[in-house]
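First comes one chain, alone, set out as structure tokens in the form predicted alone.
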Amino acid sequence: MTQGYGVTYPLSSIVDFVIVGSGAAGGVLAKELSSAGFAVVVLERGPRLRPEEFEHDEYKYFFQNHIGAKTPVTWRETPNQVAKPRENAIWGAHIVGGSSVHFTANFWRFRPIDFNERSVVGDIPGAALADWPITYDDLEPYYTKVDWHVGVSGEAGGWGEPRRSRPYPVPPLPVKSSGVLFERAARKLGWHPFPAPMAILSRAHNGRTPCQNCGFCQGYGCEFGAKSSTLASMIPVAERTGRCEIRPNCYVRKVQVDARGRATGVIYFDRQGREQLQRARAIILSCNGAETARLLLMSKSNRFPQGLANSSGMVGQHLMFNGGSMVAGIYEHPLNEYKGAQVTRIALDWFDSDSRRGFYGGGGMDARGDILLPILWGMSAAAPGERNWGADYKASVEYGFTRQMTVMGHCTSLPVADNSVSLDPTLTDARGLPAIRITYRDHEDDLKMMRFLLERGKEIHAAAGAQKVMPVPITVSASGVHLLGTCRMGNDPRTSVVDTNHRAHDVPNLFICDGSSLVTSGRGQPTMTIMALAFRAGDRITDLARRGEV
């Protein structure tokens, strides 16, 4: 799809909505609100790249952080520790389209149990598990909008799939070697694998081209527009309305409020580093679960001394990442997993929490090449405990590159009160703004669920006939990819940050929609749900604005 460029609003204008962030939620909201007739400015911290500017350069993308998140991060496990700087603590993207540009594109829907699990399983000691104030049925029409408007490949009828109102718009991606091995092994073990729903087009759809199987997918932008980022799918539609301006290289530092406590605009650094003010009738924050909380905490004022929208003290709390496990295997014959999309088959037999396991948790598994890029493979070809130098190591690098696949587990992450995003008291970024401080330690049940899936991964490899199996030991999380739960949705202003319309309880014309809105983590792969929430928020905010209630 050819990318056009929309209207340019003068800085002196007051637009209807300023959206901070252009990723999974911000890009969808830009399309929905501009299509509904509103004047929209989207401020994105990163640059805008044209499709032909995406590169297959592993060193540049993975080691020089070309499109990655730039905010410094400190880390500690408990609140009584001093957080220390940690590189690569958050895997995100600062670019127009946000992390939807470089995501792997697994697009699992949440299931009904994800929305009312607290009522079903009860209290989990050490966690703050809560029900959502909405249900799967409330969100189902918007999951379907993601399928058709954003573009998801898949096959309806997967094991345990909840109700869906329409089939997928395009069939599953062609199965890869890893998918064939995974499916055969899982069936041998009595499990129920099925084609993976992926936000990568298997066929032309909505004027976009299908996947070309280049293999530079996870961690990269798609020069063909086949990966369903908001940059490829939503932002061009928004710009064609003539009412949406995407303004890249704009770093927002504060949401401004007036004496009545209403948001009036955002203060940001523009491409030249000059401080600017964009005024708006309403503000939407869609920066991700870490940056949204950071911006709210940086927006404190005499009226909001704890940070904006934070009278409850809930901003930044209940950070969730999703748990995971990895088991690599080497096979007799070449699998050539460096080609194509990462994932083509999944199994969700362990989705529901099962008290017979002795702990809370649920999840699923897939098989993929994962780290099959030359540098990363060279750095990780040795199994844990083996030396990564010498003739044997060189032989394993050469032999294994085409014969490796990884079975990945993805699972629940409980909301824990102490796990949080806050402002580091000492470390700042290049502009003098506070670094992100992560306080995080996995709940013990999350670690047990990861170990449970690790054992299932070993069983898959054994059933598939792997010559060598290399499990990665489970340890407490030292980084996060999915940034969830830090401005949770709820009906009670004392225990949540936004209501069911994504409106901040404390500020009537401030809306928050991204991973921070999630009440539970699901079983991994939350981006589908973040986009569905954004489509729903677009409808709700449009209705409020048309009734003059924003």
Ligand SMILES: Cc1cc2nc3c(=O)[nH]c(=O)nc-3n(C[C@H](O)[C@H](O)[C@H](O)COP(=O)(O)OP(=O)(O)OC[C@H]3O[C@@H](n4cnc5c(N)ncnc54)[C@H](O)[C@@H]3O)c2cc1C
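Computed from a prediction, not measured in an experiment: that's the story for all the values here. We number the residues from 1 along the sequence you see.
The discussion below concerns the form predicted together with the ligand, not included here.
Check your understanding: the ligand placed by superposing the site C-alphas onto its pose in the model of the complex: is the shown form open or blocked, blocked being 3 or more ligand atoms within 2.4 Å of backbone or C-beta?
Key -> By the 2.4 Å criterion, open.
Practice item. Just give me the single entry in N419, N288, T412, S229 that has a non-hydrogen atom within 4.5 angstroms of the ligand in the model of the complex. Key: If I apply the 4.5 Å criterion carefully, the residue I get is N288.
Check your understanding: Which listed residue (F452, Y168, Y251, Y142) meets the criterion of a heavy atom within 4.5 Å of the ligand in the model of the complex?
Key -> Selected residue: Y251.
Review point. Looking at 469 to 477, 395 to 403, 301 to 309, 90 to 98, which lies within 4.5 angstroms of the ligand in the model of the complex, counting heavy atoms?
Key: Among the listed stretches, the partner-contacting one is 90 to 98.
Check your understanding: Can you check whether A105 is within 4.5 Å of the ligand in the model of the complex, heavy atom basis?
Key -> Judged by the heavy-atom cut-off of 4.5 Å, A105 is in contact with the ligand in the model of the complex.
**Study point:** Any non-hydrogen atom of N509 within 4.5 angstroms of the ligand in the model of the complex
**Key:** Answer no; every heavy atom of N509 is more than 4.5 Å from the ligand in the model of the complex.
Review point. Should G515 be counted as a contact of the ligand in the model of the complex, where contact means heavy atoms within 4.5 Å?
Key: Although the ligand is absent here, G515 would touch it in the model of the complex, with heavy atoms inside 4.5 Å.
Point to revise | Contact test in the model of the complex: L43 vs the ligand, heavy atoms, 4.5 Å | key: Judged by the heavy-atom cut-off of 4.5 Å, L43 is in contact with the ligand in the model of the complex.
Point to revise | Any residue of 464 to 493 that, in the model of the complex, places a heavy atom within 4.5 Å of the ligand | key: Counting only heavy atoms within 4.5 Å of the ligand in the model of the complex, the contacting residues of 464 to 493 are V481, H482.
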